[in-house]
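Before any questions on binding or motion, here is one chain by itself as structure tokens, the form predicted on its own.
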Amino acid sequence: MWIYEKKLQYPVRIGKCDLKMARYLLTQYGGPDGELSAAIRYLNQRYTIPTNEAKALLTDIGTEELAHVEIITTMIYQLTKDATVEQLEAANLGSFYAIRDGALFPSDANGVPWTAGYIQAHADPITDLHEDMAAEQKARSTYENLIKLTDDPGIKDALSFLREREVVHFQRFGEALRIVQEYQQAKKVY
């Protein structure tokens, strides 16, 4: 069970409307390596993880990834909320406006909608944990790229926080991998 605190895991303070950056951030919302994909991946994989400790880790990180979805969508909302239709069109966001007006919708930066096809789960805990470690590294490098695409200190601050959490998650998945490997070795009969 979770206790929901009605505040973001990390504050988002955007200085100005920036539609180009909002579009770039969509990749971390609904892209294949984004926060939504990570959250659902980890929360699904936990069911086939053999140890309670590793299962709890997947649950915790999956839940935290949902908090990251909230941070990313808050950033996108703040970056777009005062935009005119003309500005949206100029930033190649006219199709988003035409379909959704100002509503957020999980897609990547090119407008490709999120799909469950982005989720990886194989019921082999070693395979899944390696996939999870790779996913965290892809997210880390994406955050590093996004940081380079802005000069807004508020955006850089929030993205730096999210980048650091990806590093921590990578390390924690490494711990889970060790735990699962030790468990599997202990179960082998020679």
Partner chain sequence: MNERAELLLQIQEAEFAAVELQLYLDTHMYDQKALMEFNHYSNLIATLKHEYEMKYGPLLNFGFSPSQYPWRWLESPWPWEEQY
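Numbering follows the first chain given and starts at 1. Since the model is a prediction, treat every value here as computed from it, not as a measurement.
There is also a form predicted together with the partner chain; it is not shown, and the following applies to it.
- Arg172 belongs to the set of residues with a heavy atom inside 4.5 Å of the partner chain in the predicted bound form.
- The closest heavy atom approach of Gln181 to the partner chain in the predicted bound form falls outside 4.5 Å.
- In the predicted bound form, Thr74 approaches the partner chain with a heavy atom inside 4.5 Å.
- When the partner chain is considered in the predicted bound form, Thr80 lies well away from it, no heavy atom lying within 4.5 Å.
- Heavy atoms within 4.5 Å of the partner chain in the predicted bound form are found in one stretch of 55-63, 36-44, 124-132, 143-151, which is 55-63.
- In the predicted bound form, the residues of 149-167 lying within 4.5 Å of the partner chain by at least one heavy atom are, in order, Phe161, Arg165.
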